[in-house]
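Listed next as structure tokens: two forms of one protein chain, kept apart as structure 1 and structure 2.
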Structure 1
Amino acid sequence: MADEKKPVETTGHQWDDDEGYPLKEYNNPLPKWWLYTFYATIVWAVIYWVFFPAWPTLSGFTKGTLGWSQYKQLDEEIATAKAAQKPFDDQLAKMSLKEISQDPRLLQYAISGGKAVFGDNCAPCHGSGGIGAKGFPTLVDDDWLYGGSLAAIHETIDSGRTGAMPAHLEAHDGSFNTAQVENLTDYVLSLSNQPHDAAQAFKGKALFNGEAGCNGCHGDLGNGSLKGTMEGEALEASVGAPNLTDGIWLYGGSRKAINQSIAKGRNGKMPAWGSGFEGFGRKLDPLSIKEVSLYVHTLSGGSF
């Protein structure tokens, strides 16, 4: 067929010509636009070699006349962002939490900064938006372990907290037997009006406010170290013993979970992010801690 048309330039390479119709390799020129684009890329490459880091040498590499590097670019971007934030950041650094909370414009800036800090550092434990998870307290309600004032929240984040709920069962180095721990469990169940064995709970109550000394941390009424009292005296708020009467549980409110809490103890650890930093987690600068404190305060609907 090709033979009938105008002859085309071939490479001269032929196969299979037994039947008189040899297979030939055409030598069509490349489309012009393609060819020139190809030449342009070669020229571009040469220009690039001059301006940007390119070729390895025996002792390093050619750095390019622009002196560009990925690392310098990163440093510049960070510097630009810092400079843009500086007017705000300088003001925030000087002001107390209370003062910031009274300046709507700065407050909004701080809260959006705090939200980013929270997403990167806190959300994995406290859930996105602070909804919490088993062992990691929710921050969206008004039930606090250590206090929901701006100052208390700031201190929690800056210095960290460790819940010290001792183990009580003998098998876990406590000083009570299985039956006594059962009695305590029934009493704790009764505090939040859950189904329980009244006779056992009665014995549990005596232990709670007596030999076991639970009231020293959870208060005579079991309503926690923030609200509770022991024999009329306020408790040490920094203990962080939860309110056991409100049906909000850190480790679960089932019989089994409560029993485990009492038998084995619990030691939830909130890392320190500021002055109390102990190499665990990531250290945040004072400004980020302020911002995230304000953000956490808004989560629980706290008004300023």
Structure 2
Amino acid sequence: MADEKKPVETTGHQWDDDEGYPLKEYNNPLPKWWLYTFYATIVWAVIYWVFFPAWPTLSGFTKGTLGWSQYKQLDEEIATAKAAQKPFDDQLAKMSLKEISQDPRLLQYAISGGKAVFGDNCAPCHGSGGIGAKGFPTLVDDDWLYGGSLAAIHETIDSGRTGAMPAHLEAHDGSFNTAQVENLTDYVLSLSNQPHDAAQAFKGKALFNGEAGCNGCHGDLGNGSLKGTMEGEALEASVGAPNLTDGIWLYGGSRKAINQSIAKGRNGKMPAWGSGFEGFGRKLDPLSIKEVSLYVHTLSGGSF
């Protein structure tokens, strides 16, 4: 005799019994391992709520009996990192830039710190990695307005720089008419071997080294205050007048851009981040200025 089928366990809930074919809801309980795991998560949630910050309240959140928080952990980790850095920072603070540059281990440490300082404070103007932008000099070449030595870079960051190109057009409080400004523009174009009107450039040269007095800042040959001379005398490097004979331009080297620079003038300012602080709400300490000076020096491939 065949075994009778074991009746199927149901919840007792059924539908459509009128036609003799009721739909029944089977009782399929969850596996016990899954159910116990679910209960365990509830217990864990309660334990977590007791010991750690968890529930928001009208005045903040529950703190937990352990008093732990991510902010507290972060502060502790930062304090630990600063404690580990302190011996190196103390050494750097006592050493000159030249001494640091001669110690490979400390130099790399200082450059790493300077990169972080640069990213936080200098990159908004000079770009990530010092690539520069219109009106903000690139720091990755060897064309400098005030000098690319460690000492000069440090002075620039610490004390700041102010550069002013006066307006020459009468309409902008200058002393020259439109034709004379055009002549100067053509001469400046000729200095960097760009297309120009030779006749106008000839007139512009006379103005450049004469009535306009451009050679007083840019030199008789237009090669800037770092390299140029006026009547055989070296120019004052702190003037920061750019070299007009190369293809590197702070505000653009097109005819239009050069004409605008001559006609309306330009004003550039590098804020002082240390002595005579003029920064953007953040003053750098002497150690940070040392570190970022060393980092900027490496951007242009400067040798130590």
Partner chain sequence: MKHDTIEKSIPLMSILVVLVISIGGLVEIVPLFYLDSVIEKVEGMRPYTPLELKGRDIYLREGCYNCHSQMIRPFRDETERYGHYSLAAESQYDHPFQWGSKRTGPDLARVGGKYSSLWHQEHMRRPRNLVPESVMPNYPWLEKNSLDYADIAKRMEVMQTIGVPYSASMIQNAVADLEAQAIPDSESDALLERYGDKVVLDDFDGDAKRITELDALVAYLQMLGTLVDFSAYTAQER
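Structure 1's sequence is the ruler for residue numbers, which start at 1. Worth saying up front: this structure is predicted, and the values here are computed from it rather than measured. Under this definition, the rigid core comprises the largest set of C-alpha atoms superposing within 1.5 Å between the forms.
Engineer: Which number belongs to the form predicted alone, 1 or 2?
Structural biologist: Structure 2, not 1.
Engineer: Is the shift of Asn267 between the two structures large enough to count as movement, that is, does its C-alpha move by 2 Å or more after the core is superposed?
Structural biologist: No.
Engineer: Could you tell me whether the Cα atom of Lys63 shifts by at least 2 Å between the two structures after core superposition?
Structural biologist: After core superposition, the C-alpha of Lys63 moves 2 Å or more between the two structures.
Engineer: How about His172 - superposed on the rigid core, does its CA move between the two structures by 2 Å or more?
Structural biologist: The answer is no; the displacement is under 2 Å.
Engineer: Report, to one decimal in Å, how far the Cα of Asn28 moves between the two structures once the rigid core is superposed.
Structural biologist: Spelling it out: core superposed, C-alpha of Asn28 shifted, distance 15.0 Å.
Engineer: Please report, in Å, how much the Cα atom of Lys72 moves between the two structures when the rigid core is superposed.
Structural biologist: That residue's C-alpha is offset by 7.1 Å.
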